[in-house]
Ligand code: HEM
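We begin with a single chain expressed as structure tokens, specifically the form predicted on its own.
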Amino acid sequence: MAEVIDLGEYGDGFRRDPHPVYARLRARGPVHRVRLQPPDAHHETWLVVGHEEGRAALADPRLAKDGSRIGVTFLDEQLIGKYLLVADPPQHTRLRGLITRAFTMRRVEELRPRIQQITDELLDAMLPGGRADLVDSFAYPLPITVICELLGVPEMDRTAFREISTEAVAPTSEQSEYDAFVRLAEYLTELIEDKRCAGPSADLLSDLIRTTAEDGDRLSPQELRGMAFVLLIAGHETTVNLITNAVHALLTHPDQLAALRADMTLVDGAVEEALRYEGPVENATFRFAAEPLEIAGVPIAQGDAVMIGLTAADRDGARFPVPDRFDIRRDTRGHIAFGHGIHYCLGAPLARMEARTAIRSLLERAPRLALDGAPGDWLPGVLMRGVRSLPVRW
């Protein structure tokens, strides 16, 4: 019987900085049985902390994303519907094929001027104040504006939406998580119905409503809602944390900040190193053993939950030398911040474009940018990695 490691015993320190705990686990082996704290679902799970093992597990077809194969259905799926992150082939293949017909690289590239315009407008509003919370003033409004315009979501109360969205991905309690998904389901259902009634439009959600494969296949109403959920929530929450974590890492590593300011061609490397060093998704969503298997010699029983530690794997010294050093010139190839295999993040090119634009523009226009106090609380749970606020001045 495997030893069960209770991550809750590490207290608030684990939430603020889980990396020393993951390092100690890696030193003992790449796979461990751990106990999570509510409201994280499946309170006991296998946790993969090694890079080689994590990368392989992400692409292992024996690890199912569709929990219904072993009798598990999560709250989001019950209220929202089936979507990419909880589907396996052939359903996943079908869903991803339908969205890639509408969400093309060309469409992402066409957003570049608009992303720069939104960035400039946000900085125009923020910079005269001399100090701000970077999350509220910049890191949140940029990606939420981009994804809402891409999908064709009307202007909304973004403060209220941020609360619902963050509670869905980093819940503070089981009840608040349930309430958030109920409100999201209602909102998305109304949004899709409004799109249907409004007729043809050039936005992505309208395209998804109309998209038809060669064989006549198209998304059902429930699948449309699930797709809108993934694009709207995952399409901005992760990018908020990517921008915030990258700026925080730069401001706490003056030598790296100075190197980037001296040579802005290093911005791509800075974003990739931020993804590796403090990626926006701490752990991949659950997988389930569809059959008995072994990971690094550890037997996993059929039906067991498996969680792959993305940030833990990306601090594996066997893959990235001196892994706790933030180095924007590092060779980051092979990091798994966006996942790996068939579930590799569909929005990775858009997130990279937004982060590169945001960081370059911010540093160019705020040459004396510095921290203005301690960051806010780290988000609860083990899914997202980011702070609620980041006070800065310039």
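Computed from a predicted structure; not experimentally measured. In case it trips you up, residue 1 is the first one in the sequence shown, and so on.
Form predicted in complex with this ligand: not shown, discussed below.
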Spell out, yes or no, whether the shortest heavy atom distance between residue 285 and this ligand in the model of the complex is within 4.5 Å. yes
This ligand contact at residue 339 in the model of the complex, heavy atom, 4.5 Å: yes
This ligand contact in the model of the complex: residue 235, any heavy atom under 4.5 Å: yes
When the contact criterion is heavy atoms within 4.5 Å, does residue 244 count as touching this ligand in the model of the complex? no
Only one of 272-280, 292-300, 185-193, 117-125 gets a heavy atom within 4.5 Å of this ligand in the model of the complex; which is it? 272-280
Going by heavy atom distances of 4.5 angstroms or less, which of 85, 307, 219, 169 would be at the interface with this ligand in the model of the complex? 85
Exactly one of 359, 47, 350, 36 comes within 4.5 Å of this ligand in the model of the complex through a heavy atom, and that residue is 350
Within 88-102, the residues that have a heavy atom no more than 4.5 Å from this ligand in the model of the complex: 92, 96
